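Quick setup: one chain, the form predicted on its own, written in structure tokens, and binding and motion questions come after.
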Amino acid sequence: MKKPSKQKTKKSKKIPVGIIGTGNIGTDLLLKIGRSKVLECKMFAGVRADSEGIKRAIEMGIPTSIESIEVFKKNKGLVDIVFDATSASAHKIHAPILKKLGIFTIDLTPAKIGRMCVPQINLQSCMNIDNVNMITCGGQATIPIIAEILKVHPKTKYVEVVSSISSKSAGMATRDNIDEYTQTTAESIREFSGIKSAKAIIILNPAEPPILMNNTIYALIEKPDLKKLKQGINRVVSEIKKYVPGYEIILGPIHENNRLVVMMRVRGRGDFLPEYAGNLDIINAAAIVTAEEYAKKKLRH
């Protein structure tokens, strides 16, 4: 009788986490953490007492602060994991502080400080370092497919990605970081695929009603093996859908004018913003998967 009791206690234990940034990304993360079996938010920190995120956290009974990174400096040992949902410039200040505090950091800004992480590709190799970067929403949506394309056609010389999201889903930090977004997305494509030439474009679409997130991959390939590509892409999609249910291929792979084209759509779960905000959903879902894997390993030891 004692063993089942111990197992039950162990299963119910959760790893304490914190969030810096109370905007769209941070608030969506807060709601996703609420569903986690191994994560518990112990601090939701920002700089604006009147932010919608702070109000939502207070309603949920989550501890809040408007001291941003300072609250973690003043309360050492409060959390084991911090999600940084601020901006690239802010994370450059936060990263060394969180490292000194010994906190596993998941960066949701395009700061490019920590190891770039795409759970479908390199989740396990990100578990033994102190800072991981979730790249961008476009990177999370397209890199797994691009990596699969390069497996089948390793001599591909150029890839271009165009991501279109609803302007309503883009907060101030996203708008301020447009240049960093395109640079980080392109750099991550090169890093994960080995391709030397890559370009990334993001479009903030003001259409009403708001559009769903769409991503298009263009690759210069003369004679692609479409059957083999489709098989590989379908496998990748099934893996991503385990943590992003609204992820789907809506076109391709097709080939025209020496260009391979694959288009995917991401429909959000509607946790904070409506389902058009698939861009929030895919990067935050990737961050949660990463945090949960770290938490599970910590709980086992």
Partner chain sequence: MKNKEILIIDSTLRDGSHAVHHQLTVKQVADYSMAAEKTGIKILVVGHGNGLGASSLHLGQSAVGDTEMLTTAKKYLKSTKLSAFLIPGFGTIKDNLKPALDAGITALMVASHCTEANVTRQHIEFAVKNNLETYGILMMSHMISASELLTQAKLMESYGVNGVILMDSAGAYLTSDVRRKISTLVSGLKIGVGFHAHNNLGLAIANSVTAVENGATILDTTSRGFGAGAGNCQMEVVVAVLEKMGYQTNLDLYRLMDISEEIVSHFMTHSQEINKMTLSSGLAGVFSGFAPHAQKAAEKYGVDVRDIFMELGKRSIVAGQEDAIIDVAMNLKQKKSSSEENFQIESLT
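From a predicted model like this one, the values you see are computed outputs, not experimental measurements. Residue numbers count along the first chain shown, from 1.
Only in words, not in the display: the form predicted in complex with the partner chain, which the text now covers.
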property: One residue of V152, I143, I81, A200 in contact with the partner chain, assessed in the predicted bound form (non-hydrogen atom, 4.5 angstroms); result: A200
property: Sole residue of L220, I121, M127, I113 within 4.5 Å of the partner chain in the predicted bound form, by heavy atom; result: L220
property: Heavy atom of N205 within 4.5 Å of the partner chain in the predicted bound form; result: yes
property: 4.5 Å heavy atom contact, M60 and the partner chain in the predicted bound form; result: no
property: 4.5 Å heavy atom contact, A49 to the partner chain in the predicted bound form; result: no
property: Heavy atom of K92 within 4.5 Å of the partner chain in the predicted bound form; result: no
property: Segment that reaches the partner chain in the predicted bound form - one of 101-109, 129-137, 69-77, 158-166, heavy atoms within 4.5 Å; result: 158-166
property: Site check I211, T216 and K230: each within 4.5 Å of the partner chain in the predicted bound form by heavy atom; result: yes
property: Neighbours of the partner chain in the predicted bound form among 253-275 [non-hydrogen atom within 4.5 angstroms]; result: I254, H255, E256, N257, R259, M263
